[in-house]
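We begin with a single chain expressed as structure tokens, specifically the form predicted alone.
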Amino acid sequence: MSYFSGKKYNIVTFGCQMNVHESEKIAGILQDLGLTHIEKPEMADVVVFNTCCIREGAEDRAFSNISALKKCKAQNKDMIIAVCGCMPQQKQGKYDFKKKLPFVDIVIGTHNVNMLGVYLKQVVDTKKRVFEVVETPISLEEGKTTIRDDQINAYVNIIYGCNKFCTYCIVPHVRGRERSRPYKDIEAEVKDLIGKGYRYITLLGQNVNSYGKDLNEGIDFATLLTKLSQIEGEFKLKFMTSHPIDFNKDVIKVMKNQPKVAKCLHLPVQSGNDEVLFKMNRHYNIKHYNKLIKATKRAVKNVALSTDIIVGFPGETEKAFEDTLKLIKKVRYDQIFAFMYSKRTGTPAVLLPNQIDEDVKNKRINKLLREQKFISKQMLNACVGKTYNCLVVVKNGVTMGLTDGGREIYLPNDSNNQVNHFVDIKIEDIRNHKLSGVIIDGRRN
């Protein structure tokens, strides 16, 4: 019997959907060892912190959460604490886990997380700490046990790493260069998930539009979407994240013509000002970005748009910030994810002149969020009278439809016979800031 049989684990995850899915894989590794999940980290025998370093706040929260287990470790010498992910992978991270956190047993980076089971056994056998942060990925190993948190949506990695090297971003430094998964492996995983009843499949990558460029399969991202759409079953494909320099008319055409490709697009703009975009090394201007948005809106009916925005990038003038405000007013996103610029050691932006004061960043981001709140309210009102193809679900005993963009539409209780199927729903009203509607057709084939 394994040493870990009957013992408990907990995983604390910070960061993006890539990290969330990575934690699902980590859970699979732990359960294969014989561990079972427990809600409270302090009660676990093995605690894994899957960290993020995209912003300073994420790092600080992770370090604080890890430090909080020091007393638990003192009381339970057999507790094993592991730290993995982006924070340890940084060459010049501000946290020295080996010195500052002597109670942590395992520290590994992004490239060898699939070896966690081996390292856990090593700690048990040798009673020594493990520090293994490797510079290159050990493998693109997939197909092992994955313990998924969501019963409706399943994440599927299609590409790892990033080649863009935006001046503010640490991702290429901690995730490495782009590495696409072979199509047959992706197809097999998607078929398996559809067979298990998942209705949304979200294809993941730092830049999904670069898929296939490093392979010799002749399959680019648009082709990948098309081929996966031919798989039998009732499901939809989502994807994130796209880069404006690689997102193109071929992908827009697939979004328009393939019913199984969700009508939503997350296209990070980061700034509405060309000078700031140049300093960010984004390789496009606002004219190019607006053309993509216009083409998408024209081709894809009722498309849900979202974006990422960085406020207070070095050198961002008041005019540059106002350009970003103008952009969100023009595009009218359903949702934005706005962040204050955060210095990342090892990135070129740290050395740029005219760093913006924190109080200015705060003022600007609050103004941006207020404007988006107003836009979101208008967008909600504009939904009345429109028809959306939605997945019918039951949440907390209430029947509702979920649009591709994640909006919830409350339905009559007699709609329960369509639960877990995609149907067309017409929006009839807004009550207490919530959409309500009725099903206007049955199950979609």
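Quantities reported herein were computed from a predicted structural model and do not represent experimental measurements. When you see a residue number, it is the position in the sequence shown, counting from 1.
Not on display, but discussed next: the form predicted in complex with ligand SAH.
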| property | result |
| --- | --- |
| 4.5 angstroms heavy atom contact with ligand SAH in the predicted bound form for D308 | yes |
| Non-hydrogen atom contact R344 with ligand SAH in the predicted bound form at 4.5 angstroms | yes |
| Close approach of G315 to ligand SAH in the predicted bound form, 4.5 Å, heavy atom | no |
| 4.5 Å heavy atom contact, T241 to ligand SAH in the predicted bound form | yes |
| The unique member of P268, P348, P137, G117 whose heavy atoms fall within 4.5 Å of ligand SAH in the predicted bound form | P268 |
| One residue of Y183, F339, Y200, Y160 in contact with ligand SAH, assessed in the predicted bound form (non-hydrogen atom, 4.5 angstroms) | F339 |
| Ligand SAH in the predicted bound form reached by all of I54, Y168 and R282, non-hydrogen atom within 4.5 Å | yes |
| Location of ligand SAH contact in the predicted bound form, chosen stretch of 187-195, 168-176, 215-223, 363-371 [non-hydrogen atom, 4.5 Å] | 168-176 |
| Those residues of 184-208 which, in the predicted bound form, come within 4.5 Å of ligand SAH by heavy atom | Q206 |
